[in-house]
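Single chain ahead, written as structure tokens, the form predicted alone.
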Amino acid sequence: MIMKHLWGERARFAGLLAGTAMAAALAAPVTAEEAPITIVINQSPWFPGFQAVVELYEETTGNTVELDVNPFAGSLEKQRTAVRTDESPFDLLIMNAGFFVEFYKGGFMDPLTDIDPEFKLSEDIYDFDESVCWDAAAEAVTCGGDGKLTAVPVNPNILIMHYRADLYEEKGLDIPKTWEELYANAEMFNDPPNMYGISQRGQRGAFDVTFDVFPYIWSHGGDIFKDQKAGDFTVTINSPETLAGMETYIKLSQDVGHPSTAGQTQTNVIQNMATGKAAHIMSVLAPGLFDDPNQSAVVGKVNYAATPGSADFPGATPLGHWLAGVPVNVPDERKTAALAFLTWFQTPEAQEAYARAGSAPVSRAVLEGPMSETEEFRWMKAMADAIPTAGLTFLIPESSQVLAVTELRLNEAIGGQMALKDALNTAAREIAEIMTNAGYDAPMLDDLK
């Protein structure tokens, strides 16, 4: 559906800006100069912050933006359809990290510097493992060589450890740096059904359980492929290292986790923390929810840290970030208007407003700035610590096919429908077949015994 902005929210958002240096500058709109644009976007925990910033853009500039808001899968399908029509109804696609290469490689996105040679990514904005750039000749995600700026990050959307700081203080516990330390801490608080030591997302979806197991498998040296950036598509989902990561996930789930982890969605996990039923979660950030007395029973009690690692590998988080790009099949006037919004969105003022509206900014200047020293924005330090460890999950347009396999087999392993080794071996064979049929050299490892 097409979702017009909730103009009644302006008074609330103006309050968020009160006391900031930009309040006066943003007080009155100027004459509209750009064509109206439409942005297709998913409904997510960070969406309200983005919506508020879009409203601020409209107030500040007089320009008009419509948001077409959909569930995750629905937004992706609308984007796929839009880029294949004669004229896209959407001027900006908000693309997820799991699927953006599909749009890059298909030639569907117009390099932003082709629209305007003067357009650039602000030096304060993270490039998120160079995912903002595409080298069409080399078919590579890179800002080097002939890579061109093709998108602007919209939201980091990485996994952060959330923990009950009040309980940690009571027990005199240190923030866990390894999974073993996390297990020990979670065990202290595990008292089902009153509280679970940890709540983990395990439900099958479009990019759900797969996304949430990456910190476990990467921090044990595992992965789905050996080295996508180097073009090595050896299937390693059934490697001993990936097995070790999944064993850690399942041990936490079975011993100190939710009894129905295989059925837990992201919403379930966040609600378990918000209602005081989880001592730890690994989740994308929703700090505004946890400190909202209308939605949370743990106001002021949740703190944040980067995800743990193992004895042999540091912690790492997958990039589930979102990128804004302009389709090729959009009229020039609307392309220019889309760039005007992206230019404004990168400013320190917009990024600070984005944070004040409850979403994580994509600017290191904000994440590492004065706001990070305040209680309200205590999550910023964890985000700034974790972003350098964040990596891209898929660099292939076949990601949705691979995810259909991993979502099913990982969920079956977590739920006990398949033995873990059998699930990983089965996934390896199915992924190798997908990749081979698509023309990749995708050798397999020997089966786990």
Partner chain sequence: MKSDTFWRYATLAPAVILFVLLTILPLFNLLALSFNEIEWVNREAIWKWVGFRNYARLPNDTLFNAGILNTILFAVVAVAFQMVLGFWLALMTTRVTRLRIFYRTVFILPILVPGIVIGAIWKLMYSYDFGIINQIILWFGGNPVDWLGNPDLALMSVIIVDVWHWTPFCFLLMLASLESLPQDIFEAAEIDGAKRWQVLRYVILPLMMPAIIVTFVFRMILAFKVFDEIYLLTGGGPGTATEVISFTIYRRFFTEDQSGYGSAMSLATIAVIAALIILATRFATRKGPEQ
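Numbering follows the first chain given and starts at 1. Here the structure is a predicted model, which means the values were calculated and not measured.
Below, we turn to the form predicted together with the partner chain, even though it does not appear here.
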Contact flag, Arg84 vs the partner chain in the predicted bound form, heavy atom cut 4.5 Å: yes
is_contact(Thr113, the partner chain) in the predicted bound form, heavy atom dist at most 4.5 Å: no
The partner chain contact in the predicted bound form: Leu76, any heavy atom under 4.5 Å: yes
The partner chain contact at Thr275 in the predicted bound form, heavy atom, 4.5 Å: yes
Location of the partner chain contact in the predicted bound form, chosen stretch of 98-106, 145-153, 159-167, 177-185 [non-hydrogen atom, 4.5 Å]: 98-106
Three-residue site Pro71, Asn329 and Ser400 fully in contact with the partner chain in the predicted bound form at 4.5 Å by heavy atom: yes
Heavy atom within 4.5 Å of the partner chain in the predicted bound form - residue from Gly221, Pro259, Pro89, Pro314: Pro259
Of Pro117, Pro193, Pro370, Gly172, the one that lies within 4.5 Å of the partner chain in the predicted bound form (heavy atoms): Pro193
Partner contacts in the predicted bound form for 419-449 (non-hydrogen atom within 4.5 angstroms of the partner chain): Glu430
